[in-house]
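The same protein chain appears twice below, in two forms, each given on its own as structure tokens and labelled structure 1 and structure 2.
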Structure 1
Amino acid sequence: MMNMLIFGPNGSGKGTQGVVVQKRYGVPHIETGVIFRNNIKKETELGNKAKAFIDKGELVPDALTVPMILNRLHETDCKSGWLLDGFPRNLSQAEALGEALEEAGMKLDFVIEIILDRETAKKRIMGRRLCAEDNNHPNNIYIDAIKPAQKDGKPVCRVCGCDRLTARADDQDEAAIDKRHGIYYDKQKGTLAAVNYFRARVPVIEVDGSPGVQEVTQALLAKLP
């Protein structure tokens, strides 16, 4: 059994590497956003309470979020372990989760941290380009390994050659990106503070997120127990 947390800033490839870890250990990759949506859709007691905050544009309190997460971790598919992604986002959430796991008798085996500097992470987000033929074709003007190809002096999809590449509006919203990264890179109260909270308690596997996807995957697999 392996119980794990994974951290990494937006743009670090955390989601991609999370799938690698999930397959390595045969455990569910649990994203907190999905937990919220499922609880609200099923109209659970916690989901209804959370929806009331969301509808008012307020953050869902940890007192609701942590029990929802624990309920998910107790489900049958988590008997062999789990990989939790997207929580905690700050120090207070880390403390609340740590205490809840201890009370529930759940051992956290280790934490994965994908390290990427803030400027590179921002460029990767803003460099994403969507192919009109298939949004899953990877194109990013700031990543050499997946840069769009050139045809007649115009960027085209590196996979299929489609000449209709676009950028998502939210990927170009610098203020929103800076706000998310501001929370993540905050070592006093933000996500990096949460990483350090667990660093004092369990092993933290650090992986450099700056190389290409395959190189990061190889480095991660080499470090996993």
Structure 2
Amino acid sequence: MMNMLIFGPNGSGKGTQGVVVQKRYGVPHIETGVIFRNNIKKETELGNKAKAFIDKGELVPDALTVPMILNRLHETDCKSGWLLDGFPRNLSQAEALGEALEEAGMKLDFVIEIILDRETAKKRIMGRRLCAEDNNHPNNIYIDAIKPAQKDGKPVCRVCGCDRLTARADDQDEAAIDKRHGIYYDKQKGTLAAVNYFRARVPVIEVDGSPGVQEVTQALLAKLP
């Protein structure tokens, strides 16, 4: 049984690596963003309240987020452990989680931190191109290992060679990316402050997020207990 947190900026591949960790330990992968999006889709009271903040790229207030996550940790499937992803996102959430775990007699085993500098994280997001043939064909104009190929002077999918490569609209919203990264890289009160809060308490497994997905997975698996 393992209780874990995973941290990493948007663009670091945290979602992908989170699935690797979840499978390794057979625990529920609790993604705050996914819970919010499900609530918005179902138009629950929580979803309706959270939507305005999410649409602006702001954090949903702690008063809504913290109880939602703490309740989730008390559901039956969490008895075998859990992996929290997207929470805590700031120092006050970290403190609330630390206190709640102590009160509930739950132990956090370790924290995973995927490290990637802000400039690279931003390029990863903005450089991503989707192939119309297959979503899983990786193309990124800023990453040499997965740069689109060229045909007649035009970029084409590096896997299937089709010329229908597009950028996702929200990947091109530079202001939104900057806002999210501003929260993540803030060491005073933001997500990196939350990482440091736990660094003082439990082991932090640091993984360099700059190589390709498979290399990061290998490095991560080699470090996990």
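Keep in mind it's a predicted model, so treat the numbers as computed, not measured. Counting starts at 1 and follows the sequence of structure 1. Heads up, when I say rigid core I mean the largest set of C-alphas that superpose within 1.5 Å between the two forms.
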> Quick one, which of these two is the form predicted together with adenosine monophosphate?
Replying inline: 2
> Same rigid block for Ser80 and Glu99 between the two structures?
Replying inline: yes
> Degrees of turn, smaller rigid part against larger, between the two structures?
Replying inline: 32
> Core superposed, what is the CA shift for Gly47 between the two structures, in angstrom?
Replying inline: 6.7
>> Core superposed first, then measure: what is the displacement of the CA of Gly57 between the two structures, in Å?
In response: 10.2
